[in-house]
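This document opens with one chain alone, in structure tokens, the form predicted on its own.
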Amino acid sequence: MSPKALDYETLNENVKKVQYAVRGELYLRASELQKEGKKIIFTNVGNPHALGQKPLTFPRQVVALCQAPFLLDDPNVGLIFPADAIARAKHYLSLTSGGLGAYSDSRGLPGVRKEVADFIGRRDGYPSDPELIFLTDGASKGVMQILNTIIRDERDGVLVPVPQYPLYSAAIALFGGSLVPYYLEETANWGLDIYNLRQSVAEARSRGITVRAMVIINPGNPTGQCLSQANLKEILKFCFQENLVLLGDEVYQQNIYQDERPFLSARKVLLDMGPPISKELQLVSFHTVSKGYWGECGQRGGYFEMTNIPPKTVDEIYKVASISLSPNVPGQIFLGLMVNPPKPGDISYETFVRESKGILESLRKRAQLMTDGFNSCRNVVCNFTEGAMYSFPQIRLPPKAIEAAKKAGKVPDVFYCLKLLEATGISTVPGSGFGQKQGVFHLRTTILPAEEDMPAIMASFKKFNDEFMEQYEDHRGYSRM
């Protein structure tokens, strides 16, 4: 009998090439153990509410009223909801053609896109055009849409930082392009070396690859570093010289845990540089409601903004967006609320500030607790998490552990992470899922477990790690560094 269209052997080869470690082997094993009754701490994905973070009150009040507009007609609505939440719900409903159940424009509601443009203008000090902002179902959908627009065939390459968030490797594989890695320097706090960047491009071109785009993740995922103004200028000049479009993944811009390097958008630095680069370099920037102190991952609200992209290209991107008809409308409302939160003098302002500050201050403490915890462990070295939601410690595996992993048919850091999961219930992601230098091993964990649970989690990790190292070290002297 001849193979059928959806038999594995006849599938699109690009689909089979896709790998996504965040929901890979470790996650599947963790889910199995959870079904068997084991308590699992899912630190494999940046999913704040799943690890106990409470939703912010004001946005949930507004969206609740938008979802159930009949409540606005109840004479007692003002006893349950504050007046500013009621006013905002009426505002957002007025922007729709039939409430949250009706399709919006394929680019998103014009009124919300205007709110996003105003937010960008306040942040960067330069006005933004709502016509160049598309709302999306989370930032990931926007990234995939732009990569699909850029990649023409396997000879088109995209520069991606390594370690990288596996959305990029997965999407590039799915669309049939070529990932061109550029390695971040762990010993320089995951800094970027322009010389290495040039080498990556030269090597790709020697293989017949046309490098068309460069990705930056700022703050970094999984590495947690924040790019300085000098870094960003170097990157922008490099893209200008090499004629690359820059994709700025800036979804963690609210997650900053130090004061030396505040978040700077690639767009602001570009426009500060002035012509000709500010008028010519193509830039697409991404943001979302899933991260920051909002953590509304399940709502799937995001946007991308285009800078110096030709009108005909914008029309093509609009055409492709139209195939999906509309980004989800509740997610668009959350996005509008994120970029236009309560202001001083509003009834809900003090509560909103107290809740958001509490989350960010706790995340800052957890970043330090986790970094210190990892650095107290045998053969573990971890840079401080300057931003984002993750720690990415290096695990210096003894030769005997690497040999045991090979015998088990596992990549060494997968072997370590599986042992950690079985012993402690802590579900992480092996560094090999993000890319790393040959012979160097890491894991990624979120800093999201509750602050009060963090000491116990780190003690559990330390106990496992030190016993693992005791088992596999040969005691003839194995250097931590």
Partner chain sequence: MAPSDSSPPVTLDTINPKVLKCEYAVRGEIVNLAQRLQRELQEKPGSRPFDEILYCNIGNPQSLGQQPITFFREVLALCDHPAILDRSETRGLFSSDSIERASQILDQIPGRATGAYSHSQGIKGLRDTIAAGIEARDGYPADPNDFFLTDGASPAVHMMMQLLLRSEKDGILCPIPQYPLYSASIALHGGSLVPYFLDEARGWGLEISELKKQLEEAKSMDIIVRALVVINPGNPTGQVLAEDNQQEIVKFCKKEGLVLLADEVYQENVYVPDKKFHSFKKISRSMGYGEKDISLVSFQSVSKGYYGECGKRGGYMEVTGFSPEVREQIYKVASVNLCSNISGQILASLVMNPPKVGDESYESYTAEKEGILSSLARRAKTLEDAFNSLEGVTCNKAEGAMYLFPRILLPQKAIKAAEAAKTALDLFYARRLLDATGIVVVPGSGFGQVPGTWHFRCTILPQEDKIPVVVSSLTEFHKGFMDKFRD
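Note that the structure is predicted; figures quoted are calculated from it, not measured. Positions refer to the first chain, counted from 1.
The form predicted in complex with the partner chain exists for this protein as well; it is not shown, and the discussion that follows is about that form.
Q: In the model of the complex, does each residue in the set Ala5, Thr10 and Phe70 place a non-hydrogen atom within 4.5 angstroms of the partner chain?
A: Yes, the whole candidate spot contacts the partner chain.
Q: Within 4.5 Å of the partner chain in the model of the complex, counting heavy atoms only, one of 227 to 235, 359 to 367, 137 to 145, 345 to 353 shows up; tell me which.
A: The contacting stretch is 137 to 145.
Q: Taking any heavy atom pair closer than or equal to 4.5 Å as contact, tell me whether Arg207 reaches the partner chain in the model of the complex.
A: Close contact is absent here: in the model of the complex, Arg207 is far from the partner chain, nothing within 4.5 Å, heavy atoms only.
Q: Give a yes/no on whether Tyr165 approaches the partner chain to within 4.5 Å in the model of the complex, heavy atoms considered.
A: So Tyr165 counts as contacting the partner chain.
Q: Contact between Glu242 and the partner chain in the model of the complex at 4.5 Å, heavy atoms?
A: Because a heavy atom of Glu242 falls inside 4.5 Å of the partner chain in the model of the complex, the answer is yes.
Q: Give a yes or no for Gly274: in the model of the complex, does one of its heavy atoms lie within 4.5 Å of a heavy atom belonging to the partner chain?
A: Output for Gly274 is no: heavy atoms all beyond 4.5 Å of the partner chain.
Q: Note which of Arg60, Lys38, Lys437, Arg29 lies within 4.5 Å of the partner chain in the model of the complex, where distance is taken over heavy atoms; exactly one does.
A: Comparing distances to the partner chain in the model of the complex, the residue within 4.5 Å is Arg60.
Q: By the heavy atom within 4.5 Å rule, which residue out of Val215, Ile133, Leu197, Ala170 makes contact with the partner chain in the model of the complex?
A: The option sitting close enough to the partner is Ala170.
Q: Can you tell me which bits of 90 to 119 touch the partner chain in the model of the complex, meaning any heavy atom within 4.5 Å?
A: Going through 90 to 119 in order - heavy atoms within 4.5 Å of the partner chain in the model of the complex - the hits are Ser97, Gly98, Leu100, Gly101, Ala102, Tyr103, Ser104, Asp105, Ser106.
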